[in-house]
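In structure tokens, the next block holds one chain alone, the form predicted alone.
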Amino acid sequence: MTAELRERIASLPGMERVLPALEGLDPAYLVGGAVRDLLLGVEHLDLDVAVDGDARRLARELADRLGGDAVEHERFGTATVTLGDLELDFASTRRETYPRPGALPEVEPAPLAEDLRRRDFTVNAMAIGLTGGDAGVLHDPHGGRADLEQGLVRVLHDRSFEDDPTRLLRAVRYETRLGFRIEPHTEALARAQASGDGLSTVSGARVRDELLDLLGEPEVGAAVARMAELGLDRALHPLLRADARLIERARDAASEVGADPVLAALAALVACDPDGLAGWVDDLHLTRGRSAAVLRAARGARPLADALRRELAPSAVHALLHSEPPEALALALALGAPEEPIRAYLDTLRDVKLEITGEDLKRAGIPEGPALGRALRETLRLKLDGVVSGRGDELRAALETARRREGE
């Protein structure tokens, strides 16, 4: 197995240069998801390297030897080396202790064995040596390879979800992405943690990162259904009731309307009670524009879907949709809104503009004021409905409307 793993790593793009350049430096190991995916035969790997020593110093030396760039992250003791299209992330091996449940860990240097012990699941707690006589050697102290072969997601110890409750969402994501199942004792621990207040001990930003990753999974419907079955939706907030089919339909519809698929899925998640969940959405610390789009979609998509089921003039469709974020259109489609008026709006109606401007009306004697703006809006409505066409028609209609308004 050692020779085979050595060959697999050497065959990865760019590693034929990296491996020789690592010789003589501190011991280095491919770790975590990169090992898992290598054993699974996944082609596109994120290459994470653990260094039993000073990771930033090794990264600088490697970049110098190969003519690459090293970016150091002093706060975390990590570094990223870029060699053309190849990017490698380096971190010193370390141990982590949690001062209280859900808190960020306290970190200090430690050997590889302790670095692997701090990880979330056994399938992510493996390493492969990259240098010297350890090259190609699989370090698997927690049975990760066996769990990989059996298709199991298993925590390393009983306090794992208590230490970091975001692992609850990650377990569901790995189960769905890899086609695995959560090991029975791990599932019992997850259910127990979900029934308590564990997720409330974690910052909204950390919940956001894991939740959005889950909502971005290709099999999002299965992931959300499993999340709900474990009670993780209610653990996130008592008002949440995850509708897996609605979320899946909203994310699928996002590509049709140019929406952000993950934001559309999040809007569908909170559509059960958008007003009651508004504070929770704010606590996720999305950017202001993204947060506003999610809540507007969650609040407005159902009324939009109901309105679009009626027969509407093109101008009415435009008035209904022109100020809505695309996530609202995606969620409206997921709620059963007819596709035709939304498609008409996206294909033609939203791009309709008047050839005339307020300056044209002022030159024709219409003073600045409310009547001018109303005249332009009314003329646009007539143009959308095919009543006027061309600059001359527009100007006549606008002047007629403005003078009538002035007379009123």
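The numbering used is simple: start at 1 and walk along the sequence shown. Since the model is a prediction, treat every value here as computed from it, not as a measurement.
Form predicted in complex with ligand ATP: not shown, discussed below.
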Since only the chain is shown here, I'm wondering whether Lys353 would be in contact with ligand ATP in the predicted bound form (any heavy atom pair within 4.5 Å). no
Going by a heavy atom distance of 4.5 Å, is Gly33 a contact of ligand ATP in the predicted bound form? yes
Report whether the minimum heavy atom distance between Thr166 and ligand ATP in the predicted bound form is within 4.5 Å. yes
Can Asn124 be called a contact residue for ligand ATP in the predicted bound form at 4.5 Å between heavy atoms? yes
Find the only residue in Arg302, Arg95, Arg290, Arg177 having a heavy atom within 4.5 Å of ligand ATP in the predicted bound form. Arg177
Scan Arg191, Arg145, Arg296, Arg206 and let me know which has any heavy atom within 4.5 Å of ligand ATP in the predicted bound form. Arg206
Ligand ATP is absent from this chain, but in the predicted bound form, do His44, Asp48 and Arg118 each have a non-hydrogen atom within 4.5 Å of it? yes
For ligand ATP in the predicted bound form, the stretch among 158-166, 266-274, 70-78, 127-135 with residues bearing a heavy atom within 4.5 Å is 158-166
